[in-house]
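Quick heads-up: it's one chain on its own, the form predicted on its own, in C-alpha cells.
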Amino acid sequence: MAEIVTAYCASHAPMQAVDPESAPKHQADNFFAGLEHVRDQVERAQPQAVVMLSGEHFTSYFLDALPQLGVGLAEKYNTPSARWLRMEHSLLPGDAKLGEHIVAGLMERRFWPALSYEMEPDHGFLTVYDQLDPTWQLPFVPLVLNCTTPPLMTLRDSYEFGIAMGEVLRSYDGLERVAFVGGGGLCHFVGEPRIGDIDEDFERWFLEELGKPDCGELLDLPNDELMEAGNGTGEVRAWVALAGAMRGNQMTLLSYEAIYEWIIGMAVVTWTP
C-alpha cells in the first residue's frame, strides 16, 4: 500500500513566477525558503508521484459544467500557461492509473468527482509544482475544487473530503510513496475594487486553527464569512482537505508573508507523516 511521505500546502500567485523580484526581498526570501524546505523533504522522501489539489480558475471547466471536484486521468498534460509564467517546460507527466484509483476510491466513499482526460494545469498547479520538481519529471495527478462559484462545499465538507482522500491514497497498491500537495490562497480579491487587500488577521487565525486537532474552530466558519476575506480566499479549501488527509499528524508553519505586491497572502505549511 502507498504511504503519504510528503504533505504540504503553498500559496500560488502568478507573480511569484512572473516577477518574483516585485516583492520586498525579505518577504520573497522567507516564502521561497519555505518552498525550499519542502523540496528538501521531497528529495529525501523520494515520492513516486504527486497528487495536487488546487482551485478551478475556469481553465479546465466553466459555468456550462462546473463540478465541485474534478480528477485528471491523463498520461500527460500540456501546459500553455507555462509560457506566460516564464517556465522552462511545457509538458507534465501524468499517472492515469493513480487517477483512476482516486476516482474509484472516492466513489466508494460517496464522493462523485468529474473526470478529465484533457485537464489543463494552470498557475494554480504550475507555480507549486515547478518549485516542487524543477525538472518536471515527477508524475502528477491534478484535482480541482470549485472554490468560487456557489453553491460551494463548506470547510467541513472539505475536511471530510480530505479524510477520504487520505484513505484512498493509502489504499493504492500501485506505488509505495506518494506526495499529497495543496495549492491556493490565502486571502485575496480578484476582479473587484478590493483587489490587493489582504486580511492579515484572518490569515493568522486561519493558519493557527488549521494546525489544531480537527482544525479547531475553523470547520464551523460559514461560507459567507469566508468570502468576507476575499472572493479568492475559498481556495483555502485545499488546505483544509490536506489537514483532513493528515489528521493526527503535526502541522508546521514554514513561512507566512502578506505580500501586497502579489495581491495575496503567501504561506507554506507542512505535515510530518
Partner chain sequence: MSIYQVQKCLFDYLRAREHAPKDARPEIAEIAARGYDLTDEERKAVESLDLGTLYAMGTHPVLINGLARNMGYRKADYRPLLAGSMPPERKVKPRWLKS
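Source: prediction; values computed, not measured. Numbering follows the first chain given and starts at 1.
This next part talks about the form predicted in complex with the partner chain, which is not shown.
**Student:** Using heavy atoms and a 4.5 Å cut-off, decide whether 91, 100 and 160 all contact the partner chain in the predicted bound form.
**Tutor:** Judged in the predicted bound form, none of 91, 100 and 160 sits within 4.5 Å of the partner chain.
**Student:** In the predicted bound form, does residue 32 come within 4.5 Å of the partner chain, counting heavy atoms only?
**Tutor:** No - in the predicted bound form, heavy atoms of residue 32 and the partner chain never come within 4.5 Å of each other.
**Student:** Within 4.5 Å, heavy atoms only: does residue 228 come near the partner chain in the predicted bound form?
**Tutor:** Within the cut-off, so yes.
**Student:** Just to confirm, residue 221 within 4.5 Å of the partner chain in the predicted bound form by heavy atoms?
**Tutor:** Judged by the heavy-atom cut-off of 4.5 Å, residue 221 is in contact with the partner chain in the predicted bound form.
**Student:** Residue 192 near the partner chain in the predicted bound form, any heavy atom under 4.5 Å?
**Tutor:** Flag for residue 192 set to yes.
**Student:** Which residue, 202, 172, 136, 111, has a heavy atom that falls within 4.5 Å of the partner chain in the predicted bound form?
**Tutor:** Partner contact (heavy atom, 4.5 Å) among the options: 202.
**Student:** Among 238 to 246, 37 to 45, 23 to 31, 202 to 210, mark the stretch whose residues have heavy atoms within 4.5 Å of the partner chain in the predicted bound form.
**Tutor:** Going by heavy atoms within 4.5 Å, the stretch is 202 to 210.
**Student:** For the stretch 91 to 111, which residues lie within 4.5 Å of the partner chain in the predicted bound form by non-hydrogen atom distance?
**Tutor:** Contacts from 91 to 111: none.
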